[in-house]
Structure formats: structure tokens, C-alpha cells
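Below you'll find only one chain, the form predicted alone, shown as C-alpha cells.
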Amino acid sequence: MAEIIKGRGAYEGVMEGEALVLPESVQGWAGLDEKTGKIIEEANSKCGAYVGGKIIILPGAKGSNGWASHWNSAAEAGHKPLAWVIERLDSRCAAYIVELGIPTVVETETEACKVIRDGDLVRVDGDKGLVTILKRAGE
């Protein structure tokens, strides 16, 4: 049976894909290589992971107010995520959500980073504010 996490829709649309969970978030500058779409923040548990074509699950932004511009540069270079699930919305995240225009659910009632695992197949419904875990990784 599918698990559902409720939140608030922040950008419309519905997208399904593989989850990449970033429990420590990631810096924009010095955290994300805009040319390759890979996480380069050495202290991050997901260093080396590729963000393009994934449903990104994170607690919120990390670093300066330029965070959104670094994610946007990576997307413009062809490394665009499919959708976002963000536990805590702030101005850095809001700027990126609007700039990129991908389905997004924010302010989840459950800590999405603890419930969703890398590789899970999830559906992000930005219209209804729902995140559905369709299939667990490895099942």
C-alpha cells in the first residue's frame, strides 16, 4: 500500500520519479557542481550523487542567499531535478521553486527525509500538496 506524506503545494504539477534524499541539504556554492550536476560538498553524505532527473527530498536550503542561483545554473546546464519535497520553506527555496517551475511540496507534516529513502519511486503532487511513496527501493 502506498504511503502518503501531506504538505502544502508550492508549485503546481505532478511528477513521478526516483528519490534522492539529502538529509543535510547541500550548499549551492561549493556544494553543487553546476557543470556536472553532482554534489561536491565533501562533508555531505551524498557527495558524488547526481541531482538531475531525480525527485529531490531535503529539509531546506543551506548556505547563502545565492543557493537558488547555483541550483538554477545546474538546471540550465541540463541537470534539472524532476520535482522537490522541502520540509521547511524559506526565501532561498521559494526563489528556486519559482525560477525552475517544477512540482513542489513544502512544509510536510512528516519529516520526509526520514520516511523517504534513496531510490524510492515517489509521486509529487504540487496541486494537492501530497507526496506518495509508490514503491520502495529494492522491492
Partner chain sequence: MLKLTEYEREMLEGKYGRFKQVALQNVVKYAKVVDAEELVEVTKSTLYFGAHSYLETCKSDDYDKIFAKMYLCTDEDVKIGKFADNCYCQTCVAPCDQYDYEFNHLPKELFERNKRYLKRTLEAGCALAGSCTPYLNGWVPLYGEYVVTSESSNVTMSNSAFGARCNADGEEAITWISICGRAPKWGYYLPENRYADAVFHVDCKSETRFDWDIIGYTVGRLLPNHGVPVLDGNFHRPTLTMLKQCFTAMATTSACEMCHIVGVTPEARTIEEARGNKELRAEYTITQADYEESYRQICSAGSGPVDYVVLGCPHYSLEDVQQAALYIKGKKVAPGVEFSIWTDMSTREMAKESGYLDMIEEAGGRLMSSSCPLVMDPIAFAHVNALVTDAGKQAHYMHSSMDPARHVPIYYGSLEKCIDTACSGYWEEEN
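As the structure is a computational prediction, the values presented were derived from the model and not from experiment. Positions refer to the first chain, counted from 1.
Heads up, the form predicted together with its partner chain isn't pictured, but that's what we're talking about next.
*Asks:* Checking a candidate spot here: are 8, 11 and 91 all in contact with its partner chain in the model of the complex (at least one heavy atom each within 4.5 Å)?
*Replies:* Per the other structure, all of 8, 11 and 91 touch its partner chain.
*Asks:* Considering non-hydrogen atoms and a 4.5 Å limit, which listed residue (51, 83, 68, 112) is close to its partner chain in the model of the complex?
*Replies:* Contact residue from the list: 68.
*Asks:* With the cut-off set at 4.5 Å between non-hydrogen atoms, does residue 62 touch its partner chain in the model of the complex?
*Replies:* Within the cut-off, so yes.
*Asks:* What residues, if any, in 23 to 54 have a non-hydrogen atom within 4.5 angstroms of its partner chain in the model of the complex?
*Replies:* Counting only heavy atoms within 4.5 Å of its partner chain in the model of the complex, the contacting residues of 23 to 54 are 27, 29, 30, 34, 35, 40, 41, 42.
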